[in-house]
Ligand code: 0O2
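This document opens with one chain alone, in structure tokens, the form predicted on its own.
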């Protein structure tokens, strides 16, 4: 059995992810109790697999060590928050930024700044200060997490686009790319309309 690239920090990495996930889930629960609606539809999370992390270290010209995996690379912990409505994405972002010990390292808003192929999502890299030793041997330690936030429509589109990117021998790829772009624009318009309808419903209450 191959030893984990995370070494002695594998269990700590799981604890850090659990703390982050628990914080986000707790916020979702409090929103449901207060407003009757959760902050998101579903939450997906994972620790990057050993093979994937080793491959990424190699691709980036880094040694296959815990320090590389936990300090030089920032997506050992990965979360995806899928929301019903556009506004919920930014509500969740504000909550994440308010988590004690959280510092935003990088943000990319592909919702307001759409990629040429139609991809829409909000990406964050955060750094978390936690009461555990990190890969530098420091306590409190610092660990990183990558978070993607999308609507259900964006997530469905991204799944199709991912299949297109990694599936071989696809017939008529140019046609599919054009159709994906058209669908992305239509779904974005639908997201805006759904948000508008929701706002109108809440205004009338």
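Numbering follows the first chain given and starts at 1. It should be emphasised that the depicted structure is a prediction, and the values quoted were computed from it without experimental measurement.
Quick note: we don't show the form predicted together with this ligand, though the next part is all about it.
Here the chain stands by itself, but in the predicted complex one stretch of 54 to 62, 133 to 141, 36 to 44, 176 to 184, 54 to 62, has heavy atoms within 4.5 Å of this ligand. Though the partner is left out of this view, residue 158 does reach within 4.5 Å of this ligand in the predicted complex, counting heavy atoms only. Using a 4.5 Å cutoff between non-hydrogen atoms, residue 103 does not count as a contact of this ligand in the predicted complex. The closest heavy atom approach of residue 167 to this ligand in the predicted complex falls outside 4.5 Å. When contacts are judged by a 4.5 Å heavy atom cut-off, residue 117 counts as touching this ligand in the predicted complex. Not one of 19, 31 and 97 comes within 4.5 Å of this ligand in the predicted complex, counting any heavy atom. The partner is not shown here, but in the predicted complex the stretch 69 to 84 reaches within 4.5 angstroms of this ligand through a heavy atom at 75, 80.
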